[in-house]
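This document opens with one chain alone, in structure tokens, the form predicted on its own.
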Amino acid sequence: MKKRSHKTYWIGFCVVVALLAAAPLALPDFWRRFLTEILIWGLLAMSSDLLVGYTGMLSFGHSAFFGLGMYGAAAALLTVSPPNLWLAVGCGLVGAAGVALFAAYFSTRLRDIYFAITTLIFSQIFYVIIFTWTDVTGGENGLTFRRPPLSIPWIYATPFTNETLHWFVLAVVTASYLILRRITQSPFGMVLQSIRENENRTRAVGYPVERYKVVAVMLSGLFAGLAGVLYAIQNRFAAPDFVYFLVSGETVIFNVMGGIGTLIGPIVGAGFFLLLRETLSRFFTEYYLIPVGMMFIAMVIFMPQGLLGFARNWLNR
């Protein structure tokens, strides 16, 4: 039975990826771009789920990792000519992972709400630095740059189109999901879940809990920075608004709406939230957050396991 369920899962996974790959060929330009953006925000939410869902650490610092991924990519694309895609990806990842490691060294010494507040403080520190360091970051106006070509070393380089950009983002998000899934199911991932369930007992068994937490925050920041790189490449700019703590708050909402501790759930939650916001903003203009907030409260009360958990329970019945 377990083997059959495993096979069904992978068949469903391949079908969903195939549908997402075929979607740009049928969707108009706006919805094609919107779908690509959902995948990017889903990757950010999935990176947060490694901490929130699997390690039990609520983080409000992911806006800093996301924004620094954007600015790292922007710096590489503005300083190197011709612009190189992989150099931008590398700079964004190094910047985000380095900052995540720095923040983790201090914040992981604390627990629960104190950890969350510390990550919030770090995100605001980097927001102020980016907002005020006008000569380097462009300040309030941010940085704009040309989109690099899609290049595969020693094979070819071609300009991005809307379709190829979507396929590139889909490939990166799919690979990130498979990597994170492998991490969470590995012995390392089992220790993270043990920390979530009972940190004192995990420490008593002999595991260096602080080291595991530091690595978890760094990995989470790495994938958050990757989402920032993809967002920068898609929109061809980096702005300080994406380092603001509200981005971290939305990331937590994606997790809660989709299902914490599932990896796929945060992507579903990101898609549902963004689609809901886009639809309601057309009817309620500047007051659209009121019905969005009411629906979020209703979901927390009546669907505490999120959309994915609700769907699983319904299928099981």
Partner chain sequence: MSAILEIFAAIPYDQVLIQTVNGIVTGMILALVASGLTLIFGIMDVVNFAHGELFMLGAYIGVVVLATTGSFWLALLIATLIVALLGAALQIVTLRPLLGRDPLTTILATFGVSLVLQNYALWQFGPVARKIQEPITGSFQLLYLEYPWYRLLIAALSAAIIGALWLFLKFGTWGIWIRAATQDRVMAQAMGIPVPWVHTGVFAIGAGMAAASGVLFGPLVGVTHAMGLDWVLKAFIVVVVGGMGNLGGSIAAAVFISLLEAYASIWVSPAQAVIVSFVVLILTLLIRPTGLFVPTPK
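Note that the coordinates shown come from a computational prediction; the quantities given were computed from them, not determined experimentally. Positions refer to the first chain, counted from 1.
Just so you know, the form predicted in complex with its partner chain exists too; it's not on screen, but the next bit is about it.
Would you mind picking out the stretch of 110-118, 234-242, 93-101, 161-169 that comes within 4.5 angstroms of its partner chain in the model of the complex, counting non-hydrogen atoms?
Correct option: 110-118.
Contact of S176 with its partner chain in the model of the complex (heavy atom, 4.5 Å)
Answer no; every heavy atom of S176 is more than 4.5 Å from its partner chain in the model of the complex.
Wondering, does W41 line up within 4.5 Å of its partner chain in the model of the complex on heavy atoms?
Contact with its partner chain, no.
Quick one: does L289 come within 4.5 Å of its partner chain in the model of the complex, counting heavy atoms only?
Answer yes; at least one heavy atom of L289 falls within 4.5 Å of its partner chain in the model of the complex.
Would F60 count as touching its partner chain in the model of the complex under a 4.5 Å heavy atom rule?
Judged by the heavy-atom cut-off of 4.5 Å, F60 is in contact with its partner chain in the model of the complex.
Which residue, L276, L35, I264, I253, has a heavy atom that falls within 4.5 Å of its partner chain in the model of the complex?
Only one option qualifies, and that one is I253.
Among the candidate residues I152, I129, V80, V136, which is the single one with a non-hydrogen atom no more than 4.5 Å from its partner chain in the model of the complex?
Selected residue: I129.
Do any residues of 294-308 have a non-hydrogen atom within 4.5 angstroms of its partner chain in the model of the complex? If so, which ones, in sequence order?
If the 4.5 Å heavy-atom criterion is applied to its partner chain in the model of the complex, 294-308 yields M294, F296, I297, V300, I301, P304.
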